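A single chain, nothing else alongside it, follows as structure tokens in the form predicted on its own.
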Amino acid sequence: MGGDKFNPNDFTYQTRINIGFNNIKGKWSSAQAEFSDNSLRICGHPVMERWEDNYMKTLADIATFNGGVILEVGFGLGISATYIQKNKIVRHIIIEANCDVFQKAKCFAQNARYPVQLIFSFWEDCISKMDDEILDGILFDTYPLQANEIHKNHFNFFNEAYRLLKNGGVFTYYSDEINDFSQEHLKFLAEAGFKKISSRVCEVKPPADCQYWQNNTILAPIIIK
């Protein structure tokens, strides 16, 4: 992870492949979400775990640096959404594609400090309806629904992020990089139009049995239009 090519011996890559990706997108919206105090699982996949808290706070702080209107793609356990609402913003748009998780987001919105607009959809199905240059910040954190999206499902969103952000707007996301951008990663950002690219390295402590992350750091992108 964090390199130009997948390592066939990489724990995270092997585990995700073994979980199974056969037609999960067709099942995802209506699939039962399994919530516990520390995790969220859908279709048997570990979507989010509580150890990500520090990383989610970092991403939320980056996305809300300018305040204003913030788009969050993927609600998960609501960790980053909670941190977004602790910062000074104007409006919080959330796109979520799983019905059970969306219900959690609805409960969250009822008690949110700042107005929340909820959209029940895969981002690919609704994002074209949003006008250009309307957002001050974006936080993208969705789960890969196909094997070929592992470690790179965020790449497909880069063009839309550039379109939606105002000049000076900030984009961040779950990077799937340990401490630096891979050359492939930088290539996709550049092709989308982004030139102001920096990052923070965030310390995390995933448990030994975590199925999707086995390192003590994750890169937090800071991408400015």
Ligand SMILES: C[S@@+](CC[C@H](N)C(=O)[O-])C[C@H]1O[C@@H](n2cnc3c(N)ncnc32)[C@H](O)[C@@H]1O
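All residue numbers are counted from 1 along the displayed sequence. Because the structure is a prediction, the values reported are computed rather than measured.
There is also a form predicted in complex with this ligand; it is not shown, and the following applies to it.
- Contact check for D136: every heavy atom lies farther than 4.5 Å from this ligand in the predicted bound form.
- In the predicted bound form, none of the heavy atoms of Y114 sits within 4.5 Å of a heavy atom of this ligand.
- Under a 4.5 angstroms non-hydrogen atom cutoff, this ligand in the predicted bound form lacks Q85 among its neighbouring residues.
- Although the partner is absent from this view, V69 stays clear of this ligand in the predicted bound form, with no non-hydrogen atom inside 4.5 angstroms.
- Here is the short version: of V73, I89, A105, I127, the single residue with a heavy atom within 4.5 Å of this ligand in the predicted bound form is V73.
- Within 4.5 Å of this ligand in the predicted bound form, a heavy atom is found for not a single one of I62, F181 and S199.
- Applying a 4.5 Å heavy atom cutoff to this ligand in the predicted bound form picks out I95, E96, A97, N98, V101 from 91 to 114, in order along the sequence.
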